[in-house]
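A single chain, nothing else alongside it, follows as structure tokens in the form predicted on its own.
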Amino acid sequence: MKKHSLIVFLAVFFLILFGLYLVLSASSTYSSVKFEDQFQLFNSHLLKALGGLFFLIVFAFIPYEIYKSNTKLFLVIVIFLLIATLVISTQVKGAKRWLDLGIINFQPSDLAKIALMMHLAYLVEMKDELLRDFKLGFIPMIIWIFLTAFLILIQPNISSGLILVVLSFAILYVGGVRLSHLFGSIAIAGTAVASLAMVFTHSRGRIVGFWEGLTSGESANLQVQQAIIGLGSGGMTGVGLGHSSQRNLFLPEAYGDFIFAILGEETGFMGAVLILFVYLIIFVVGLLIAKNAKDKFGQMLGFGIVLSFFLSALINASVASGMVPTTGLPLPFISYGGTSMTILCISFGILINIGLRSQKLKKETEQSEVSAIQI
């Protein structure tokens, strides 16, 4: 398990380093025009990446078991922050997603993922056989899931809310709840998410635009159109590092959620596939870490962390390729951003610790068995 943790750390470190270069390339023109300094956004991202690495290392050495007794309190605090976001935050691009606390400005929805995963992992471990009981096991977990997801969906943040629901149901499925209970909840949640997606103007516009694009053969919006042009112009091997044309204000905010298009343009199909393969390696090795965890809490939490990470990567790449409606999900460890980078690094620090702790417990068990045999 120690080598698994090392593989995850090295792969994440590679993605962060490559992301630094890619943000520099994708943001240079925009920074020059808006700030008269081509390194303005890069410098900001560099500080966030260094902060993320710091948190990654710190949380890698904090025993993950200590979170068990505080998961409910943590989730309650996050729910309070989500409510505060709806009440006091300023609307940006038709949504209230950012909470400004003066010294820090962040999206509580990112924090909600890890908070809910922790609490569900704790409940799966504590309830054990009661998980199959609808009233005593299943309902309490569904209440937490629906409450947290609802507060995110009405921001509105449909993509993050949907990811949260899918992730939560996956944890419950792996945890051992009855499929009959799960399918009924999936039907209710699916109907609710679809309804809310069509109620809010900006999410409805993205869905309708995507559908019209499928039927007409045209791109859903300008960003998707320019992203596809960038991916197509990259060919097999790309136009070369630092030679993107789409970054020159053709692709709006190319350093953010659509940075995968710059990746494809500069490194080509082969480079894009290589990065996706790195994501796959992290996912598979992360699953092994979760599988080998010595307690149910570690297993469920590790599984949730890597699944959330992998789903975000796949959805981001799919959006840039025009395969799914536009969302606000960043490309993990690569896109410009502070909240997502910090929460991701904390999450993977916890995952690495799960692997390290499992290895330590395994050695202690083996030493105890050897001592018992000698006695």
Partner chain sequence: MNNGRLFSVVVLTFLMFIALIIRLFNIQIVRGDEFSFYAQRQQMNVEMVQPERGLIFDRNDNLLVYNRNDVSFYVDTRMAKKRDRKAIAEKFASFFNKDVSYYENLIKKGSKIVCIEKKVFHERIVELKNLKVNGLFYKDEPTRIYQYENLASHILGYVNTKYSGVDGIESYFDKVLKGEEGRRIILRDAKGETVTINQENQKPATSGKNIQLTIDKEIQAALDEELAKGKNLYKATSFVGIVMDPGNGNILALSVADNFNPNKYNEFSDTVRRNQALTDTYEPGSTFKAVTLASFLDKGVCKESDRVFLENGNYRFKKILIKDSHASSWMDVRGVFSNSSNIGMSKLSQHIENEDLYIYLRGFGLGNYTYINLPSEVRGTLKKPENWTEYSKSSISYGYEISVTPIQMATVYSAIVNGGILYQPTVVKKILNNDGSLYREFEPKEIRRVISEETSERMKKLFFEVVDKGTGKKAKINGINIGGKTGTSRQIVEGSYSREKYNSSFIGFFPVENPKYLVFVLANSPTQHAYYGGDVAAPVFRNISERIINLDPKLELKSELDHDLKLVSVTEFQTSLDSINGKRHLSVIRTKNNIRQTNKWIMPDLRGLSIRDAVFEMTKRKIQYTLKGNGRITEQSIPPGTKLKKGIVCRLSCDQGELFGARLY
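Positions refer to the first chain, counted from 1. All values derive from a computational prediction rather than experimental measurement.
Not pictured, yet referred to below: the form predicted together with its partner chain.
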Based on heavy atom distances of 4.5 Å or less, which listed stretch (336-344, 62-70, 302-310, 42-50) is in contact with its partner chain in the predicted complex? 302-310
Please pick, from I142, L75, L231, V165, the one residue with any non-hydrogen atom lying within 4.5 angstroms of its partner chain in the predicted complex. L231
Residue among Q107, Q223, Q246, S160 with a heavy atom within 4.5 Å of its partner chain in the predicted complex: Q246
Between its partner chain and F250, L287 and L314, in the predicted complex, does every residue show a non-hydrogen atom at 4.5 Å or closer? yes
Non-hydrogen atom contact K294 with its partner chain in the predicted complex at 4.5 angstroms: no
Residue contact check: M323 to its partner chain in the predicted complex, 4.5 Å heavy atom: yes
Taking its partner chain as it sits in the predicted complex, is L276 in contact with it (heavy atom to heavy atom, 4.5 Å or less)? yes
Is the gap between L120 and its partner chain in the predicted complex 4.5 Å or less for some heavy atom pair? no
